[in-house]
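Here's a solo chain for you in structure tokens, the form predicted alone.
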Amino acid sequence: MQLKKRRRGNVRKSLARISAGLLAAALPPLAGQAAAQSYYDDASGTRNNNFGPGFTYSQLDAALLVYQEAGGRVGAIEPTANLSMHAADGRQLSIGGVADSVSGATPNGAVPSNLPQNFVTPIKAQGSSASVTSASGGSTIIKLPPTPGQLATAALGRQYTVPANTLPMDKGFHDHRAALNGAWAQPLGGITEIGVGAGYSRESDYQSITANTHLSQNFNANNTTMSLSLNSEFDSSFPFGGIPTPLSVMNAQWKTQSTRDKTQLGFVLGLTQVMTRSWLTQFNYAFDQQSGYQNDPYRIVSVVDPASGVPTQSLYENRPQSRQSNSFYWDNKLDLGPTVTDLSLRYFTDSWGIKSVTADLAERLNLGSAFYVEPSARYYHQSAANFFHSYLVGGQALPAYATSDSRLGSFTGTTFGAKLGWIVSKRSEFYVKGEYYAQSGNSHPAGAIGQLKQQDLFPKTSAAIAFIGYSWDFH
């Protein structure tokens, strides 16, 4: 999976779910666990009200994620922190923050060629406050002719050249993100738990506002839990250079439209069941409806000569403005004595024609009383969106929708990793985790034209991911 300069309100999701950016619903705590916590600070029975009436203990979780793709491609650093406060009656308050720093070479969507290729992007508009200090990422600054009806004088653009037989990548990619989130949950009347949450994320070219509410109800002597979550997300995309016209020729001129919005609404319906003293299982069904601007404003699709296969044009991609998705998730936690097994399966399908399956396995093994190790493995496979094209052919009518984004193509991804944890005390834990991700797709599709037969149209991708984290319960 390549991280690209597109809607990086999703960067953290991508980093956290390297195998395909898929979000498996997290197994919720059994209702009543918060109430089971001691309402007293210690054996003396002293009541603790440090965070308001009845808040008996708090938990601080901090972590750092480092992600690096092979070959000098995209790298990311992401620190996170979350503070949750718990009361004896089940009330919970949590606040968290995250920061992302992402940079590196990222594919722009064009196919490789046996000839060098030039690409141009906007860098400064007439009258813009954007500044140009120097060429970066192997690119050069170029002067653009005036745009009829828009600019009376020349503007500036950025041009970069890709050598022959090389996957076109933009080395000037970089961005930062900051996000905050908060949530509140508590029992209410005959409902075991009801809660609300909200979040805000901001980048240089993207903004995301989220809101959610959930409720859960216990049955069967607290061995069965039904839950329902309602989720909403409101996003604004304002890419550097403006919103390009779909399927128009890539250019360095500043676009007139600067912002487009997207709305996402959905729900998750869940059932958690204690099967035996050593087996907990959960089923989730999730539905999402997205509408609005779905394009990656930086991604292009090559138009190639019908005989030679040499790229002749680069067009901005276009995706449908609506998308519906359904997913089914089954998770099992098994206490098998010396080990604890976590096995989950997920099936996903959407209106764009993508179907995917995910299998996730983790095994926790205690190494004495203070340490544990947790190896894990994940398998992911998806089919391509029905408007995915490695390239378009010159002389043929343009389709209504087209993208070359490999994340919407058919591919298989595998992740292997291991976590080593150190239980420092009854209230604190330290861990480190490493993962290796590998992705492969159809590198040589049938029917490739001319020189494209010798090109790798879906290069394999690999990445190394490292985590370090600390958790502390305090009174």
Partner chain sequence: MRTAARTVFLAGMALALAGCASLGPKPWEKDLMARHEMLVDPYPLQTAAEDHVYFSKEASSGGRGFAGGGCGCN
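Computed from a predicted structure; not experimentally measured. Residue numbers count along the first chain shown, from 1.
In what follows, reference is made to the form predicted in complex with the partner chain, a form of this protein that is not presented.
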Just one of 114-122, 206-214, 306-314, 386-394 has residues with a heavy atom within 4.5 Å of the partner chain in the predicted bound form, so point it out. 206-214
Among Leu367, Met275, Leu361, Ala400, just one has a heavy atom within 4.5 Å of the partner chain in the predicted bound form, namely Met275
Taking heavy atoms and a 4.5 Å cut-off, does Arg91 contact the partner chain in the predicted bound form? no
Answer for Arg177 alone: is it within 4.5 Å of the partner chain in the predicted bound form, judged on heavy atom distances? yes
Although the partner chain is absent from this view, report whether Asp335 comes within 4.5 Å of it in the predicted bound form, heavy atoms only. yes
Can you tell me whether Ala286 touches the partner chain? I mean in the predicted bound form, with a 4.5 angstroms heavy atom cut-off. yes
Select from 402-426 the residues with a non-hydrogen atom within 4.5 Å of the partner chain in the predicted bound form and write them out in sequence order. Arg407, Leu408, Phe411, Thr415, Lys419
